[in-house]
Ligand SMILES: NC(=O)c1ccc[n+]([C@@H]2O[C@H](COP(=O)([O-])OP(=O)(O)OC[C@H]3O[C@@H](n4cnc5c(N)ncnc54)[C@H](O)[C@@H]3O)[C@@H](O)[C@H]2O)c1
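This document opens with one chain alone, in structure tokens, the form predicted on its own.
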């Protein structure tokens, strides 16, 4: 048995940001709380969602203080500021941080308790306010997932609110909103999206349904990530990346991630490394350990990345995926070694302990079981 979750409605295509007006009218919304960040506001992108909402007669309150790699304290702060106010609708426009805060807040308005009460799996009892998410990067797939990720500084880890209740009512995927995304963000978010497709494809929870999204997501990203890093104004390539990232989010809702993410989260929590970069640091090193556990699927990944595997033994074909991923990251300028981001070797035992003790949910989805010693070896290989 398997399942998959989707937003109630998904819009895709250039100019679809205007459809936020239709979503507001459909919901009968008169007041909306919009989550974004100052960069998105400064680029004029937030206005592309705010204007249609106001044209629909919606009174929009803008919260533009969403921080990169948000901590649980950021959600607590927003909750304390707005929870006693009345809104009909929540909108998130931005990267994963803005969308995670938005969809979390959508259920905090309708459920008792505090944000930390919902860190865990399916702990949210009541449906939230109408929620519309609009990504401005092609990476997290947060507009599709039941996950909202927050660092918990006192534990030195990232934890998640995981609930079907926070899958949004609508996802609006407009590749035009990504045209001005800086190259570094384009590259890191694109690698992040590719890890979602890879991990959901190879883990034991994958299914016939999720694999459709995993494979197509990998194909779209593999053919266009290098292109958008070279020429960010290519709308067709931006469209591939936006749709591929969304597919990555959808397949996560069914199959989940794995050890790449499990080992990346302590890096982000401890050193405030952007999530896409944290994943790139672990990507090929985890794959090198994993590919013997499912050589058929890793051989398919190698082929999608353009490797000629014809006539090769399946194990050798699978192993080609490791080098292919390493080259993809390098070609896009994304680091693959801890030393490149100044992570000292002496913290590796602490990182391994954090991953092993706090990320068992994700480690349980990995195609190969990993001990604490195995995890430390992977970090050391990545040093």
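Numbering follows the first chain given and starts at 1. Predicted model only: the values in this text are computed from it and were never measured.
What comes next is about the form predicted in complex with this ligand, which does not appear here.
Colleague: Find out whether any non-hydrogen atom of residue 180 is located within 4.5 angstroms of this ligand in the predicted complex, and reply yes or no.
Modeller: Yes.
Colleague: Heavy atoms within 4.5 Å of this ligand in the predicted complex: does residue 300 have any?
Modeller: Outside the cut-off, so no.
Colleague: Look up in the predicted complex whether residue 149 has a non-hydrogen atom within 4.5 angstroms of this ligand, and give yes or no.
Modeller: Residue 149 belongs to the contact set for this ligand.
Colleague: Does residue 96 make contact with this ligand in the predicted complex, using a 4.5 Å heavy atom cut-off?
Modeller: Judged by the heavy-atom cut-off of 4.5 Å, residue 96 is in contact with this ligand in the predicted complex.
Colleague: Pick from 172, 250, 281, 142: which residue has any heavy atom within 4.5 angstroms of this ligand in the predicted complex?
Modeller: For this set of options, the contacting one is 142.
Colleague: Of the residues 185, 229, 119, 209, which one places a heavy atom within 4.5 Å of this ligand in the predicted complex?
Modeller: It is 185.
Colleague: Have a look at 313-321, 27-35, 337-345, 65-73 and name the one stretch with heavy atoms inside 4.5 Å of this ligand in the predicted complex.
Modeller: Flagged stretch: 65-73.
Colleague: Can you tell me which residues in 27-60 come within 4.5 angstroms of this ligand in the predicted complex, by heavy atoms?
Modeller: Heavy-atom contacts to this ligand in the predicted complex: 37, 39, 40, 43, 45.
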